[in-house]
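Encoded as structure tokens, the following chain is the form predicted on its own, with no partner shown.
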Amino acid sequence: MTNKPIIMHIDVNSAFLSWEACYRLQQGDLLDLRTIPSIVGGNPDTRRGIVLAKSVPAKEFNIKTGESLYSALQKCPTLTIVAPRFDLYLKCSNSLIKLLEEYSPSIQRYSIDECFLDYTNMEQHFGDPLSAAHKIKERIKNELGFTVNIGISNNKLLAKMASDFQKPDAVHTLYPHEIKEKMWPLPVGDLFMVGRATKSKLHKLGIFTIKDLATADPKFLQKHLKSHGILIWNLANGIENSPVIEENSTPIKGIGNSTTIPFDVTDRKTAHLILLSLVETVSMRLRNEKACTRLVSISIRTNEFNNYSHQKKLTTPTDCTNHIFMHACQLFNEAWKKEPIRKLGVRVSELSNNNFSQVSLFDSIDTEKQKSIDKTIDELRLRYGSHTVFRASFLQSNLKAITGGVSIEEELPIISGKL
């Protein structure tokens, strides 16, 4: 046994694209998307939207996650574009978790394509951490068909940093005694919790590497970056001690869905249809988590990249699609400034267990009837696909790329806690 925790961070390489490629090969496709310049994202027909995942050959054209399909096609005109299938990716993610559960009872899903595994005191069952990580990596490749990177350390931060080292299909360690050699020489922007804005501020302060940050005066950082300066100073020194929280016991903070629209939305009716599509996905996931929401929020991005949002606290928690849609439309109507829209988002938070939600006496909608309808639709879509049942309002709509349960961008449930 060991006195120190042993944490592994498992990160799927090019997750959406790898899962899409594996599924297609299993269905008899002869072409492996991972071997050609290809991406998952947007709409292959209209060639609008953003890049969600890219193949290694696509990286050679300097194609980046998050950039527009238009920009990616300018770099590589022969690029293969595949529409995302989030129901498939969630199944692949669940298969990964199921395999990892054989090695530890404590697994925390950090996102759809990465998780933490607490390997503390498991050596007696599966060998030393490095050997076990290689066995896990090979099992995933042979049994599930895709590759992962695994980082190993004594805390979650360092394990996550280690998994970002040379990719793909690799195992790396980053123990505290290896920080100076392996982590400090890296650009400061590679450190967890240092985003684009923070990186720019640090550069103005003469801090360009993680070592520069780690050896800076904490008081100096606090003066310029407030409490965030102390946080990232600790991270640069490898100081982090949050536990691996098992998925079943992890409270979810919120569930959201957003879409980048391939044209300017200038009328309320079209905006409401897009909101309905987003709400349907969010509500289905909310019910899947057996939760109700007390807070609904919407976000708007204009064609000039101005962002604003609006939220409302509900008197009665709900998981009903129509209830949430009604509030989302109300919020949109109050917030929209009549500017052309290029992105819309819906998010629910302040969640509670739906087994004990109290119904308002003044609720004008038959809640039990609505719950029964939602349950039936969920079951049909899960069994036969997201397009099995769709709203009549979508029949005459030209929003096929972003309605009926298919959106260009999605967020999985956001899990509470830091790392």
Partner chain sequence: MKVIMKNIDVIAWFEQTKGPIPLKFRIKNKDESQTIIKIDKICFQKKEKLAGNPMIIFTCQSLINNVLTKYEIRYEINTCKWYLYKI
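Fair warning: this is a prediction, and the values are worked out from it, not measured in the lab. Numbering follows the first chain given and starts at 1.
There is another form of the same protein, the form predicted together with the partner chain; it is not shown, and what comes next is about it.
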Worksheet entry | Proximity of Glu181 to the partner chain in the model of the complex, heavy atoms at 4.5 Å | no
Discussion item. Given that the partner chain is not shown alongside this chain, does Gly145 nevertheless sit within 4.5 Å of it in the model of the complex, heavy atom to heavy atom?
Written reply: yes
Fill in: Non-hydrogen atom contact Cys92 with the partner chain in the model of the complex at 4.5 angstroms
yes
Worksheet entry | Distance check, Asn62 to the partner chain in the model of the complex, heavy atom within 4.5 Å | no
Worksheet, complete the sentence: For the partner chain in the model of the complex, the stretch among 137 to 145, 338 to 346, 183 to 191, 70 to 78 with residues bearing a heavy atom within 4.5 Å is 137 to 145
Item to complete: Determine the residues of 4 to 35 with a heavy atom within 4.5 Å of the partner chain in the model of the complex and present them in sequence order; the list may be empty.
Response: Trp19, Cys22, Tyr23, Leu25, Gln26, Gln27, Gly28, Leu30
